[in-house]
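Listed next as structure tokens is one chain, alone, in the form predicted alone.
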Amino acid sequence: MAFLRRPLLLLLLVTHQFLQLWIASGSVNEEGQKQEEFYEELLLKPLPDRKVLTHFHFQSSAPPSTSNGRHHHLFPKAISQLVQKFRVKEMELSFTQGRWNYESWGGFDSIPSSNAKPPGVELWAVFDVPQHLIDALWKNLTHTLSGLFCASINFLESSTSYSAPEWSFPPALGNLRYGTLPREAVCTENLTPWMKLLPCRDKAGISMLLDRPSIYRGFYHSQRLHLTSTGFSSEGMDLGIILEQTLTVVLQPNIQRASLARTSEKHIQPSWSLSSIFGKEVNGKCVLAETSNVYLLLDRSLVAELKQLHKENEKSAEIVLTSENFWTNSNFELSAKPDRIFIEESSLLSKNSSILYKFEIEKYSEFKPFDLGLTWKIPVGWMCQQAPLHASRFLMGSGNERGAIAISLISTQPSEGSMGANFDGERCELRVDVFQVVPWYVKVYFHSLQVFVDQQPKAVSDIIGTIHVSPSKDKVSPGVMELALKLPCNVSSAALTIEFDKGFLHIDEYPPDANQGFDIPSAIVSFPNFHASMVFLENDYLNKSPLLSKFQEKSPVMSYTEVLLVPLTTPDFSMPYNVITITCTVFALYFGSLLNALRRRVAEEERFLKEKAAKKTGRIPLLLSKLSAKLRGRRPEPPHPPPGSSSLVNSKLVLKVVLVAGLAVCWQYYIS
């Protein structure tokens, strides 16, 4: 039997390996079509405020096929059916908890421009259909996504919850619909369906690090799903789809140094590793992935600071930025040796270059897990590169009748303000696009728009080059405002204010927590002349990495403002309960007293009281009454009951009748 078991086990092992290779190859058909592909990558980046940015990037691609209704080997079938049924050309869905800190975590590189999202749910989609069919497809799409990701996305089906931007929203390609749910809570019920779209889920590869408690105790996390289709043909052919799944998490690593209490080391960045952040290690790549890599990115400002510290410590006049002397410096230490190091090309906006360390996961296994760790040796401080203007939004005014919305723009780089600006003759202009959606119950007066530049009021026509306004309609559509500002390049601050009145809602339109207030979605501030990109020296390899290829694309710099909380006039929802309670109480007293008075027998009560009074009368009073009667020569009389007994019964009865009648009169007066 032992001789028979060994060949059988060997056959099963070979068959298992063959099936894995066959699935990973995508089963190229006889027509030689391109196979399906899957990539998994992870980017780690230390942040100035002692936190760590982790950015998971998964990409699945399904090439066009001549067969109708083909079977997918790697690409999720649910997404393919969704794209084909609703004719989606491009779509993005994000679930975000927390708010991206643009001041500390930066706002100019590719990650905040593409992955920093507003709190709650954001959904936008571009449809490849005629204009009159878009709204119906949008409603069906929201219901499908709501069931697919276990969320309340179906609330976006109402025309009061979505809008149609014209040009200010960067992905505006025509036939666009945009909607947000700022109060949507994000939990594991949304993450689990998102992970089920991955070929290996969380069982193998980089996705093993997706530990739920570690993710949801972070300061910020945003899961995003972005898909792009190549288009639709009239013959009904299968179209090509690229699905991009990203998860951006900002975590606080545990401090592992016992000597941090000393004042000389209190500013040292905390040392961390993958196992200390996520509680897990990577036991190899996903067998279905084409590539599985982990990257460690050092920001431009951090590299410049490390070079300066290296000069001070080593006292060398010139440092050659090579792979050997840079990753073996005395400033920090890596627990694993990188397989390749990429150096960013210098740009006009910054003379410094970022450093990217690459680690290939395919060399590691369950017996040799991958656990990247970073240990800092000396205190380091730096600042991430920010957008040209820092945008913030707040409310003005008080009371429940009217107020104002203000958008503040403060310059972050006054010395570099002319970079990326337009030069109109001798005048240097900085273009800023503002896209803002306001609910219908916040009635905005667009004619009250005011502009302030460097705390001085300016004419609207001098600052605003293009404006598109779509006034809100009560219970039909929200208000949309799109502005293109042309600010001077040397501007230090700018502000926009617009007044509004607070509307009244029907009692059925209030949410369960109406006293908390009503949300105004985040406004989007973009800089069309500024583009976030990182171009590295070795372009031959970067074309094989979807994450690095994404970094090289010129994406417009954009940022989201805060979500505003507007208090509206809210009725007292306890009043119906109080009315019902007092009404039931009055009816109970009225009918109870009336029935009691009508059904009571007065004669039997009087006889009962006489008998009770006779029982209470003792022998001594009876003998005294007989003795007094004999002395007077009269006939002895039986003792009489208390004189007030019968009158007491009658008075109680009359009092109850009067009380019931009074209650009835009061009730009639209250009703009238």
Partner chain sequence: MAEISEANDSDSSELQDNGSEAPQRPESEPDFDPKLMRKTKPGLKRLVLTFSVLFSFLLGFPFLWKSVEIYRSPLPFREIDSLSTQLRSDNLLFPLHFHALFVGFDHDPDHLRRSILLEITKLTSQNPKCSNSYTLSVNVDLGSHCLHSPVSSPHSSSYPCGSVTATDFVQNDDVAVDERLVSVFGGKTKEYIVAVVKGGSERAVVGKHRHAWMVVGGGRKVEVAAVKVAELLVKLFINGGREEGSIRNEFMPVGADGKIVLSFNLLNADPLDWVYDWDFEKIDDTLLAPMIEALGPVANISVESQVLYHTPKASFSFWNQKLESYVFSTKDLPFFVNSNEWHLDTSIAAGGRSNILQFAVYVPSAKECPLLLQLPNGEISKTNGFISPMWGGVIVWNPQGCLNDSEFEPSAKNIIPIQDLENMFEVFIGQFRQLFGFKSVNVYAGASGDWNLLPSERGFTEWELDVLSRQHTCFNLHSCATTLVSLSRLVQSLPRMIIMDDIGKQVKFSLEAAKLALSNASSGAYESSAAASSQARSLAEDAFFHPSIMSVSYYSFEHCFAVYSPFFLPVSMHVVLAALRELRRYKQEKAKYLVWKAKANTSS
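Every value quoted in this text rests on a predicted model; they were computed, and no experiment measured them. Positions refer to the first chain, counted from 1. We call the rigid core whatever largest set of C-alpha positions still superposes within 1.5 Å between the two forms.
Not on display, but discussed next: the form predicted together with the partner chain.
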Can you say which of 604 to 612, 53 to 61, 623 to 631, 40 to 48 gets within 4.5 Å of the partner chain in the model of the complex, counting heavy atoms only? 604 to 612
Can you check whether residue 81 is within 4.5 Å of the partner chain in the model of the complex, heavy atom basis? yes
Is residue 592 one of the residues lying within 4.5 Å of the partner chain in the model of the complex, judged by heavy atom distances? yes
Considering only heavy atoms, tell me if residue 468 and the partner chain come within 4.5 Å of each other in the model of the complex. no
Residue-level question: is residue 388 within 4.5 Å of the partner chain in the model of the complex, judged on heavy atoms? no
Though the partner chain is not shown, can you say which of 204, 181, 243, 434 has a heavy atom within 4.5 Å of it in the model of the complex? 204
Considering the partner chain in the model of the complex, which of 212, 280, 307, 77 comes within 4.5 Å of it through any heavy atom? 77
Heavy atom distance at most 4.5 Å to the partner chain in the model of the complex, all of 443, 459 and 659: no
What residues of 574 to 597, in sequence order, lie within 4.5 Å of the partner chain in the model of the complex by heavy atom? 577, 580, 581, 584, 585, 587, 588, 591, 592, 595, 596
Determine whether the C-alpha of residue 574 shifts by 2 Å or more between this form and the one not shown once the rigid core is superposed. yes
Per-residue C-alpha change between this form and the one not shown, residue 596, threshold 2 Å, rigid core fit: yes
